[in-house]
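A single chain, nothing else alongside it, follows as structure tokens in the form predicted on its own.
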């Protein structure tokens, strides 16, 4: 790749676990390549922001993202905060003239997503949600199969991610006012985004779902390796969600996710069915049949490169070369509309039309 004429200035808002482990290492890698310079790291916790800023060549720690945006001009802002901060931080960053990469979920509701998209468009800047599973090698190969037409007419899909005991015991995932919900918006957003993208990003038209809270608010919860570090009385989100989503042209998708469920072991799976073939995540491959046989095609080796690394490098390159991002913000808005509809459906015990 040709050397860029200008080094991009990057700022991080939120320097907790996802930033520390899956974002900042790859921005520092790009910094070492001379393509970016991390100039600001913002976090409410003093020790955390100072520690992560010190790992960069010339980053200033900030306690307030508003002050950070006022104190420096940025080409890219990467947002890794609690869900409730995604929209206001992204809007402020766009208004300050920065391209925005924001961790999933996009926001707390579809209205916030729409405001984020409007701010980015007005500023003429890029906006992308960090759906790292799209960037994994297995997803790349499944997308190639779908785009080859090997599935024929796609008509339905199913996706699930069930943890036996895996409630996040850190941060504020378990508090509705901070995160909106539990596994639906935490890990369900990953599985639905990947599945809908592989299906060709059809427009959702309705959803019927139910969410449950059976474990998270119990003081006797045994949470295996995840630990429990929150007071049980604070837990006011779901720990299980299930739904049926309808799309245009008669397509459907079933979804179920849990942080805690009485299953044999953790289940992470997805399959998409067409009239000529289907694809699956676990086991990974393409499945088809003819008049006398059933067949399964898979890959002997796939890159284990972290999807987060590919995601960060992709966004950087999109800014460098002024190219469109893979995860279009309008696609993330559709996923948020599905999430909103599932929560509303659970409250009202009826299917919800998605507009």
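Residue numbers count along the first chain shown, from 1. Remember, predicted model here, so these are calculated numbers, not experimental data.
Note that the form predicted in complex with a small molecule isn't included here; everything after this is about it.
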Taking heavy atoms and a 4.5 Å cut-off, does residue 310 contact the small molecule in the predicted complex?
no
Spell out, yes or no, whether the shortest heavy atom distance between residue 173 and the small molecule in the predicted complex is within 4.5 Å.
yes
May I ask you to state whether residue 43 is within 4.5 Å of the small molecule in the predicted complex, using heavy atom distances?
yes
When the contact criterion is heavy atoms within 4.5 Å, does residue 165 count as touching the small molecule in the predicted complex?
no
Using heavy atoms and a 4.5 Å cut-off, decide whether 160, 204 and 337 all contact the small molecule in the predicted complex.
no
Option from 73-81, 278-286, 250-258, 145-153 whose residues, in the predicted complex, bring a heavy atom within 4.5 Å of the small molecule
73-81
Which one, 195, 211, 120, 130, lies within 4.5 Å of the small molecule in the predicted complex by heavy atoms?
130
From the list 48, 37, 314, 328, which entry has a heavy atom within 4.5 Å of the small molecule in the predicted complex?
48
